[in-house]
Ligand SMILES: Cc1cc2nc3c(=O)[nH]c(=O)nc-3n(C[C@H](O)[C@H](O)[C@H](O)COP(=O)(O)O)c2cc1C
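Next up: just one chain, as structure tokens, the form predicted on its own.
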């Protein structure tokens, strides 16, 4: 028996549910009907065998059924609640001058370990600037990288240079919107197991936005840094270690300084094409 898949023979009822649910056929039924990990190299560590076992007979990577949340009776949002969340969600660009509770942020980031990734690769890095002081250090490093770059032969695009000068002089923060913090999610493009690096990053931030707003935080997708990576990638590498080839995206977060009394109306913004 492989060290990461262990079976309690006394608890196993030999129902075969784990074998049938194993997407890559790493499990097979033995002579006595109990599951056997015949192809450990195929296992993508999705823990479906652990989750589906009706008696909790499977221990995976040292995790026991008694350590997991039981799905029966688990409180989940209703369809109406999820629909309401989607409609009231806003990209906030006015943040309050207050830091986020570290315990709340840690709870949200820890929960992100359950987000889906292609083939369960889980090759993600969460680079978090958790408070205003931390984000200020990033801004300073970013502006210094811009200033050093201006001394070179390559000219910076106007959309980058002008707001950077304003930010250095204490003007409007058009880049980071005076947010309390920023999360950069990046994928390891050098890992051969990663099949969907860009999709993994975006899916993770979509879940982060949902969890953050459920915990009273406001968010804003920071597409500006993607433009920097595309046009002047050396700046981002100096400031945050994000290379030209690194799949990533960033999201600003904090407490909102404004309240929206109603939702917007976007019911016809997408074409629905039933086939």
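Positions refer to the first chain, counted from 1. Small disclaimer: the values here were computed from a predicted structure and weren't measured.
If you look for the form predicted in complex with the named molecule, you will not find it shown, but the lines that follow are about it.
> Only one of 198, 144, 166, 89 comes within 4.5 Å of the named molecule in the predicted complex by heavy atoms, so just point that one out.
Of the listed residues, the single hit is 89.
> Please tell me which of 43, 49, 220, 211 lies within 4.5 Å of the named molecule in the predicted complex, judged by heavy atoms.
Flagged contact: 220.
> Would residue 93 show up as a contact with the named molecule in the predicted complex if we use heavy atoms at 4.5 Å?
Result yes; residue 93 sits at the interface with the named molecule in the predicted complex.
> Taking heavy atoms and a 4.5 Å cut-off, does residue 207 contact the named molecule in the predicted complex?
Taking the distances in the predicted complex, the answer for residue 207 is no, it never comes within 4.5 Å of the named molecule.
> Answer with yes or no whether residue 249 is in contact with the named molecule in the predicted complex, where contact means some heavy atom within 4.5 Å.
Heavy-atom contact with the named molecule at 4.5 Å: present for residue 249.
> Does any heavy atom of residue 266 come within 4.5 Å of a heavy atom of the named molecule in the predicted complex?
The answer is yes: residue 266 has a heavy atom within 4.5 Å of the named molecule.
> Choose from 238-246, 29-37, 220-228, 60-68 the stretch whose residues reach within 4.5 Å of the named molecule in the predicted complex, heavy atoms counted.
One stretch meets the cut-off, namely 220-228.
> Who in 94-121 is close to the named molecule in the predicted complex, meaning a heavy atom within 4.5 Å?
Residues within 4.5 Å: none in this stretch.
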